[in-house]
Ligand code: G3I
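One chain follows as structure tokens, the form predicted alone.
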């Protein structure tokens, strides 16, 4: 990382600029202006991939949403259309059409793409989960199915995906391997297998572990550190560690230095790091105090990434409250994104502009 951006991130721990930035709807700055009121991807420049998860339905139907994806971000992640239940809803019938549309859009917009996700315990096709539950699919067959899925999907996008979330949420909040269909049927070796198969299918892609509640040092992030060490000891091609960054203002946040210190542990192993799914939800309704707290939550995640030596990607999990996943999963909570339901900038968006501007 450039010294300038590290120093700037440190300064932002003590001072915030979003309160003095122009309000949403203010005239755009002149070309060449040093104003921080510019699109995030322009402020990030080449120092950082600044990305968003993309809702495919919104992208195809909402022109404002589609335009902002292109102007604000230099990286995208498919929110759902690369997940197994979408790409293989019927056994042996692969459907990459929606994902391919996003890949085409990314190429048109000059954006990198993060692949999400290859091995997860959620959003699996019904034919797979029901087959295992009924006993029609035994452990040997399941291992072959998982291998085929990874080879097929990674191979389909070979050379076009910058980073893959290979093993997603494989450790629980107690620091133990999560009790999933994969662990029960295949044993802990499935994680190493997944990375090896993904690397076989695309040797150039960066392969990541990815999870929530691992932004700071904790029993869960300790467990990931031990897992990463073990995988590397086995010469498994693991290249990165992703902290999702799903925060809630009611729970408080880590400091930027805590995030950076945690990332540094993985970087000492030779891994890249990334913030992969950042959002900051709140108990509804919104108010100014919650919105200012939300801005701080986003800020510490971005500052922590900038302070780390090998954090090269910062992705928000959606950017407008209009299409947020949060209300559907957390009753009474929402407003988790950088822009409101009308695409107006919230304090969190202004804060990220300020952090990126100072870090240039």
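Residue numbers count along the first chain shown, from 1. None of the values given here were measured: they were computed from a predicted structure.
We do not show the form predicted together with the ligand, though everything after this point is about it.
Student: In the predicted complex, is there a heavy atom of the ligand that lies within 4.5 Å of any heavy atom of residue 255, even though the partner is absent here?
Tutor: Output for residue 255 is no: heavy atoms all beyond 4.5 Å of the ligand.
Student: Answer with yes or no whether residue 114 is in contact with the ligand in the predicted complex, where contact means some heavy atom within 4.5 Å.
Tutor: Outside the cut-off, so no.
Student: If you check in the predicted complex, is residue 244 within 4.5 Å of the ligand, heavy atoms only?
Tutor: Output for residue 244 is yes: heavy atoms within 4.5 Å of the ligand.
Student: Should residue 88 be classed as touching the ligand in the predicted complex when contacts are defined as heavy atoms within 4.5 Å?
Tutor: Although the ligand is absent here, residue 88 would stay clear of it in the predicted complex, with no heavy atoms inside 4.5 Å.
Student: Go through 265-273, 168-176, 125-133, 95-103 and give me the stretch that gets within 4.5 Å of the ligand in the predicted complex, heavy atoms only.
Tutor: Of the options given, it is 168-176.
Student: In the predicted complex, which of the listed residues (149, 83, 196, 206) lies with a heavy atom within 4.5 Å of the ligand?
Tutor: Exactly one listed residue reaches within 4.5 Å, namely 83.
Student: Looking at 79, 72, 202, 215, which is the one with a non-hydrogen atom within 4.5 Å of the ligand in the predicted complex?
Tutor: None of the other options qualify; the answer is 79.
Student: Scan 315-348 and write down, in order along the chain, each residue with a heavy atom lying within 4.5 Å of the ligand in the predicted complex.
Tutor: Result: 317, 325, 329.
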